[in-house]
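So this first bit is one chain, no partners, the form predicted alone, shown in structure tokens.
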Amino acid sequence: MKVVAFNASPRKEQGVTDRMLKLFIEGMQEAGAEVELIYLTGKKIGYCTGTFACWLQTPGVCIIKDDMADILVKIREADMVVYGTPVYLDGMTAQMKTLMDRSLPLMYPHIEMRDGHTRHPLRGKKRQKMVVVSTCGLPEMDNFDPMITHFKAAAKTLYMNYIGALVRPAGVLLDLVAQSQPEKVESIYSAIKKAGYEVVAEGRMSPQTLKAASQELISQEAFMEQLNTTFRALGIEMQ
């Protein structure tokens, strides 16, 4: 299986998203997948200008000459695409949204009926699998819901098979909790790696594995106290 994975975190290798992706990729590789990880931050990827030239003037080719041309080739050739992004203001990062917007050349401008909905047909015949890997700062699982809804819709548009989302709430506390409960954090990391193995070997991520990866670190009350204490110690007060 050929996999291309995208890290859309502005923090690149310094963030929890990257930590999750590397563990996930390690699991995929152990299951036999060939994986390439691409950091979007630092790539030259301009915003879509909405000219539709990739449909009308240069079919299948964007008129913007930047790194997206090579990325589209990698997406077309992949059997699975892994979209890694932290949650920013209830959605994906700007880097990831730009990647999604610039995926327009993957489709024809024509219209077809698919699953009772009018959509644009793909230029290629390969139907890739889509997996989402994400973390957020807050502890509640529903913080991921708007972003996951968006990815599910994009999967339908891009004619991808949405496999699922591996998510880690309260990612900001992983290192802190590891100091007092290393076994809990290690079990989370093990689950993330296992999810990568499962998605290649079994074509799915088991509910048990996803639950283990997203297990509660600390209570909501303890979370609030910990973060507010930290901010007060930094001299940051609410006015």
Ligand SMILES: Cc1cc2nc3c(=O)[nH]c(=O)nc-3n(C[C@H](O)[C@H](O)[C@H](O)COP(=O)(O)O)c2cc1C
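So that there is no doubt, residue numbering starts at 1 and follows the sequence shown. Because the structure is a prediction, the values reported are computed rather than measured.
Unshown form predicted in complex with this ligand; subsequent notes refer to it.
Asks: Please identify, from 116-124, 154-162, 70-78, 134-142, the stretch that has a heavy atom within 4.5 Å of this ligand in the predicted complex.
Replies: It is the stretch 134-142.
Asks: Which of these residues, V172, A191, C54, L40, gets a heavy atom within 4.5 Å of this ligand in the predicted complex?
Replies: Checked against the cut-off, the match is V172.
Asks: Taking R11, V16 and P86 as the candidate spot, are all three within 4.5 angstroms of this ligand in the predicted complex by heavy atoms?
Replies: The answer is yes: all three residues contact the partner (heavy atom, 4.5 Å cut-off).
Asks: Could you tell me if D90 has a non-hydrogen atom within 4.5 Å of this ligand in the predicted complex?
Replies: Residue-level check for D90: yes, a contact with this ligand.
Asks: Going by this ligand in the predicted complex, which residues of 205-239 come within 4.5 Å of it through any heavy atom?
Replies: Read in sequence order, no residue approaches this ligand (within 4.5 Å, in the predicted complex).
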